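Next up: just one chain, as structure tokens, the form predicted alone.
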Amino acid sequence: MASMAAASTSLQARPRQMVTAVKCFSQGSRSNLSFTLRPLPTRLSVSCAAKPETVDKVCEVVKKQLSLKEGDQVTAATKFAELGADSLDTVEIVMGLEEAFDIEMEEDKAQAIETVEEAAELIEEILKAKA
């Protein structure tokens, strides 16, 4: 099974399963068996531990900080680098998130953030500890 994980996020591909069909043919005293194998499509499942409203707010902050157009789509799985963000942009995103959520992120954890989802999960972790 292929899997990728980050924090409490999981993206897993189910192993390819095969459907087997068995046919039996008889001719006189002889019997023949025929097997047909065909692959089923791979399915992905994505789960995010952060609340949807947190992810939405992070998406809005990212759009604002990177001056993205209204039509540009930002989702939980979006990587900052895919949006054209460099390291300075990422620092500005973190500062915008700290201001929007009234929190402070540790520098080492903030530098490890690469996606909207990771940012949302870190924010919820900080808010939970703060409460």
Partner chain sequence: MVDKGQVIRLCRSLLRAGRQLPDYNIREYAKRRTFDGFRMNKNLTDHSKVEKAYAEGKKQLEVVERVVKVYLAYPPKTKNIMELKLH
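Numbering follows the first chain given and starts at 1. Not measured: the values here are computed from a predicted model.
The discussion below concerns the form predicted together with the partner chain, not included here.
K.L.:
Within 4.5 Å of the partner chain in the predicted bound form: all of Asp86, Glu107 and Gln111, by heavy atom?
P.N.:
All of them do, each having a heavy atom within 4.5 Å of the partner.
K.L.:
Could you check which residue among Ala50, Val74, Val94, Val61 gets a heavy atom within 4.5 Å of the partner chain in the predicted bound form?
P.N.:
The residue from Ala50, Val74, Val94, Val61 that makes the contact is Val94.
K.L.:
So in the predicted bound form, does Glu98 come within 4.5 Å of the partner chain, heavy atom to heavy atom?
P.N.:
Judged by the heavy-atom cut-off of 4.5 Å, Glu98 is in contact with the partner chain in the predicted bound form.
K.L.:
Who in 113-131 is close to the partner chain in the predicted bound form, meaning a heavy atom within 4.5 Å?
P.N.:
If the 4.5 Å heavy-atom criterion is applied to the partner chain in the predicted bound form, 113-131 yields nothing.
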